[in-house]
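Shown next as structure tokens: one chain only, the form predicted alone.
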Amino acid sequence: MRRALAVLAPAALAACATAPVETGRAISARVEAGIGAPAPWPRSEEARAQQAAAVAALLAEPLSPDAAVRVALLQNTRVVAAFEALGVAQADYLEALLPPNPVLSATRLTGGGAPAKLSVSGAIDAIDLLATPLRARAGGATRNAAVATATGEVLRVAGAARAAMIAYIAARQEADLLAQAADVADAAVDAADALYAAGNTAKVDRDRERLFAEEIAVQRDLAVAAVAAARERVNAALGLQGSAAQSWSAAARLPAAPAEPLDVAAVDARALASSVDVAVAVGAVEASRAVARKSWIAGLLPGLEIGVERERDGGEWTSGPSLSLAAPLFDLGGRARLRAASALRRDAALAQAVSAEVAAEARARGAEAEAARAAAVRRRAVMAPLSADVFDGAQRDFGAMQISLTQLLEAKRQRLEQGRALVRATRDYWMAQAQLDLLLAGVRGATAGADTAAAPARAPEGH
């Protein structure tokens, strides 16, 4: 036993000292495989300087959603926090892996003229010692759940960055569209003023042009404010502050949605295979199973301790083994067994529920992404050209005095709304695709930051 413990303790300490770094590299590789960008864990000043240089190079060019993901994984300190949580999980694993410490005691009795009596003893909790493999199994399951949680946190940072940049580019496109419409409306007002001054148009027609221009101006100003707000959300998602938050630029527009239908076959199976929520739930089940087994052993032999005692009386040493066992008069261990068994059944039920939810969400995300793609393609390929033709026809009819100014203004509104609808449809597709990609990489739920983060891996009762 002494030789086994002498080998086990240093090995466990060595594993705990090195495993978080290797685990971090594994997480980075998985993130890169899932979303196309690695998540490095800088652990030295040199590594941090290299990451800062990489961020600066990325910010020097207009940012696409993919580039925003790379910046976030290099710059957002939530990534570092997720990696550092691995050290906490590893320390907990060490506590579960090592056997219990023995308890040593010494007693010296004097008095009555008799020689001093010295008693030395050592004992160890036999149940904890026997349950070391079970505690190690529970600790390993909890650690695996913590690794899954850290992976999910990193993926959420990437997802939030992509979503924020998609929203920003779309907001700026819409603002640009409204700015162009406002310029055209202002020119129309100038022309209407000139016609009214010459007596060639009625005051009501001039006022209609002015009202339309004012309405467009209000929408333009709101769109400009929306761009500013969207930019700040990008800064938060990427972890940018100071001059870096002010100097970056973004791609001019979102790419068009692909013409080919999405491959959404078996998305539920793919999502289940990579889901961090499922991994966390499975880890909780495995840990609870080990705790339940330990509680069963403890119920059979409550408070069992084994040890050795040496005693010196009158210059002579005597020694022998010692054994202690709690008398099960009041606490028969039923409560602990009930708690552990209930926790195991609860965690098993939750794991089944999580699996069903992930599969259902994957099918829903796939359907939503395909519907959004089809809508964006239809708006670009069919509705946008038709809208342009309708507006051109309305202008010709107005010039030929076949429609009124009111009808022309309505045609202008419809043309503008079709343009905004195309921008929004393209944005909605890329958002839906980002949600689906993130789910297939392992994370379900909204692509936001801490507000939508999954709960950390929970150590089961009794661990």
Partner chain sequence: MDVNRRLLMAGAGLAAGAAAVAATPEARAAQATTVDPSRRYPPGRPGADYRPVTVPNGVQIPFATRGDVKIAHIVIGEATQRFAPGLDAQIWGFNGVGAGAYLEAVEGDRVRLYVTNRLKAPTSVHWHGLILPSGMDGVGGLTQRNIEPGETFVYEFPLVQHGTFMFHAHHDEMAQMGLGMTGLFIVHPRRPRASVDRDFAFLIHEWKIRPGARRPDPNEMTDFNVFTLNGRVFPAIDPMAARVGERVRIRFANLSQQNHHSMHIHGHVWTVTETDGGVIPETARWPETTVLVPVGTTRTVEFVAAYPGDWALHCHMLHHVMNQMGHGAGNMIGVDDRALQARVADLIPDAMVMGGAGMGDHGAHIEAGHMAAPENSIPMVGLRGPRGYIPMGGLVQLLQVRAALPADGKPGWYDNPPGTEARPATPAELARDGVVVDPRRDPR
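Just so it is clear, the model here is predicted, and its values are computed rather than measured. Residue numbers count along the first chain shown, from 1. Just so we're on the same page, rigid core means the largest C-alpha set that superposes within 1.5 Å between forms.
Although not depicted, the form predicted together with its partner chain is the subject of the following passage.
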Should W296 be counted as a contact of its partner chain in the predicted bound form, where contact means heavy atoms within 4.5 Å? no
In the predicted bound form, is there a heavy atom of its partner chain that lies within 4.5 Å of any heavy atom of R70, even though the partner is absent here? no
Within 4.5 Å, heavy atoms only: does Q402 come near its partner chain in the predicted bound form? yes
Does N200 make contact with its partner chain in the predicted bound form, using a 4.5 Å heavy atom cut-off? yes
Interface stretch in the predicted bound form with its partner chain - options 29 to 37, 427 to 435, 407 to 415, 49 to 57, non-hydrogen atom within 4.5 Å: 407 to 415
Just one of D207, E95, E309, D186 has a heavy atom within 4.5 angstroms of its partner chain in the predicted bound form, so which one? D186
Option touching its partner chain, based on a heavy atom within 4.5 Å in the predicted bound form, out of A371, A194, A359, A266: A194
Hey, does N200 budge by 2 Å or more at the Cα between the shown form and the other one once the core is superposed? yes
Using the rigid core as the reference frame, would you say Q418 shifts its C-alpha by 2 Å or more between the shown form and the other one? no
